[in-house]
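Okay, so here's just one chain, in structure tokens, the form predicted alone.
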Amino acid sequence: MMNYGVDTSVSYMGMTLRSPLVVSASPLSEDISNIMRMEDAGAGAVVLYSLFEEQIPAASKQDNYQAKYNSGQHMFSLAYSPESPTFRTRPDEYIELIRTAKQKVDIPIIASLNCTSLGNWINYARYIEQAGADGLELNIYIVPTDINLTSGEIEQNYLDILQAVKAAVKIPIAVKLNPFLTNVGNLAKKLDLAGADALVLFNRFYLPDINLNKLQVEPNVFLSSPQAKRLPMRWIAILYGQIAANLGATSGIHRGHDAVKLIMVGADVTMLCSTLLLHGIKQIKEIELELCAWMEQHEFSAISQFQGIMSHQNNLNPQTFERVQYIQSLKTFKPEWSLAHDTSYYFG
């Protein structure tokens, strides 16, 4: 553990973390050696990559086989189930990763689950709890292609999933939200009242692209930039102090000052993904060095001393998080091409 003369510990999902820097779900956590390096670099916790329901059908067939022919064995023994060509990891391997990680590291291990059927949300949440995970993040991915589906029906799905999982397991539960909602704050309040231990803002959906040579739709991964943090920054600032659930910020956190800004608006933890994919796991240590240096420079000895000081409720000018901010932003923008010719332009 590194010691910079400041207290970086935070509380998240009922757990005390040594740092607000949490590794979010990514392919990096598929390797146990990477998880160990994350702890050594100073991560407060690790969210494992998501287990998707698309990985489960083969497992379900094997479960049926085990139940019929080996009823005395653990039903999650899937050593002979065929591996999906789309996914590198089977559910049994995910469960084993949780068990191994809990043996190898001391920091909390938070699993991530993405299902489409309520039954699998419940069943695999139980498997994850039995494997020893410290918490579970519900990575809810709903793309409403049915134009007859109302916003209320979509949001009710979030509540139904949370309530079902909360009733099935005792480990703390976080819900990862997406920003494409009619009223983020209202759903956040309902999830809070339904027992969510934390809300993670926001899920970044990887949008498809079109391959013009092959004439087909293809998946496309793009990493976040520091500018992406502004969306969770606004909503965390608005939610801070209005709900009891912890607030996790994800997307656009690349350097220490990014983490500082999100903590200042109220985030309990700041989650890292793209910056680690770009610069390596060692970047956790660099971000923590920058965070601690800023705290010492501004004479803050603990995270709690500056958490939420720039939130909506504590800001002397809360309109900066509201509609007027849009107008002010337009007035501050000066295109480089115009400055080279005429600075008396009008932008509207």
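Every value quoted in this text rests on a predicted model; they were computed, and no experiment measured them. We number the residues from 1 along the sequence you see.
Form predicted in complex with a small molecule: not shown, discussed below.
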Inset, instruction - Would you please decide whether Val165 lies within 4.5 angstroms of the small molecule in the model of the complex, comparing each non-hydrogen atom pair? - result: no
Inset, instruction - Although the small molecule is absent from this view, report whether Asn246 comes within 4.5 Å of it in the model of the complex, heavy atoms only. - result: no
Legend entry - Contact test in the model of the complex: Val217 vs the small molecule, heavy atoms, 4.5 Å: no
Inset, instruction - Classify Lys176 as contacting or not contacting the small molecule in the model of the complex by the rule of any non-hydrogen atom within 4.5 angstroms, answering yes or no. - result: yes
Inset, instruction - Report the residue, out of Gly266, Gly252, Pro91, Gly135, that has at least one non-hydrogen atom within 4.5 angstroms of the small molecule in the model of the complex. - result: Gly252
Legend entry - The single option of Leu159, Leu277, Val105, Ile154 touching the small molecule in the model of the complex, heavy atom within 4.5 Å: Leu277
Legend entry - Listed range touching the small molecule, judged in the model of the complex by heavy atoms within 4.5 Å, from 269-277, 184-192, 95-103, 255-263: 269-277
